[in-house]
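Below you'll find only one chain, the form predicted alone, shown as structure tokens.
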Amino acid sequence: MADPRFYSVRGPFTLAEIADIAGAEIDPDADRDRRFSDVGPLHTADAETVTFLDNKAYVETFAESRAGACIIHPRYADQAPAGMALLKTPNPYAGYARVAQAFHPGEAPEPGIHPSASVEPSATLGDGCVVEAGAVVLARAEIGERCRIGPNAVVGEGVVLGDDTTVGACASLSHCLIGKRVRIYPGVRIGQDGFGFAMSRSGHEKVPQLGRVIIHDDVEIGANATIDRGAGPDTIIGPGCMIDNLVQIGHNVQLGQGCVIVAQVGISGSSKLGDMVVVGGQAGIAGHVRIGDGVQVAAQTGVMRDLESGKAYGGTPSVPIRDWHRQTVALAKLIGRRSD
């Protein structure tokens, strides 16, 4: 059960309602009217709780779980404990996500501007907005409907936020146009100067960064991530991208639709990622690189050249994933021979 100090819960929901939300099938002889009060993990769930199984590493825990219902791939159904109602779907994690959202949709705060917040007269706020304690909204900013500006966040001059966008505590936004339903976590920095210098032995000359950051709809940007504004071209984050904590995105970078960028990744300036690219944690991408649609980059990979669409890569410098595994095996054998 979720801690009621931090999370409110809706429901209960019947098994039939949960199956409909999850897009799952239930056995014909199951009690469709059985009611459930919350979601929870396999090892702590009780008879009134819905859980899920999406990883074969937890099959043993699943077989011993006391959960009343489980969202599960059909391949594991025969290992279910007695009395557990099964909700079968090819994608149990997505089904669980929808069910968890139904039980915990989040409470919308009361609209209004906190007395300690500062909103410039030329800024505009749509209906239903919340501006929390210490937040600052500067001149000519345009805030859409039902937006939430967290404590001590700063929305810079001329910044645009689409409807239903959330800005976390202590985030700062400048030189950016942000779409609808974007979630910006605490400490994020968007729109600061890109890292642009004309280098010489007599001293480095700062190159003015005259572009913007364009963030499309339904993007999430994790805590303490940074996205530099463009030097002339814009930095662009495509719709539906998921950016983890502590990611650095340099000036002029472009992300296509639905990219997933995991924690501590660094993407250097002017690189371009296609649609649905996944970059594992602590990977580094050099400047001016082109990465095709659907590419998967393993954690800690160093990408120094263009990558072909639809393939997986690993290692430094990056190579196709099978070649990387072969290199790893060959190196282990070489070290073993030398130690002999």
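Note that residue numbering begins at 1 and tracks the sequence as displayed. Here the structure is a predicted model, which is why all the values come from computation and not from measurement.
The next section is about a form of this same protein that is not shown, the form predicted in complex with another copy of the chain.
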item: In the model of the complex, Ile72 touching another copy of the chain (heavy atom, 4.5 Å); value: no
item: Touches another copy of the chain in the model of the complex: Asp78 (any heavy atom, 4.5 Å); value: no
item: Non-hydrogen atom contact Gly128 with another copy of the chain in the model of the complex at 4.5 angstroms; value: no
item: 4.5 angstroms heavy atom contact with another copy of the chain in the model of the complex for Gln101; value: yes
item: Option touching another copy of the chain, based on a heavy atom within 4.5 Å in the model of the complex, out of Lys180, Arg189, Arg146, Lys88; value: Arg189
item: Contact at Glu157, Gln209 and Ala225 by another copy of the chain in the model of the complex, all three, heavy atom at most 4.5 Å; value: yes
item: Sequence-ordered list of residues in 110-139 near another copy of the chain in the model of the complex, where near means a heavy atom within 4.5 Å; value: His114, Ser116, Ser118, Glu120, Glu132, Ala133, Gly134, Val136, Leu138
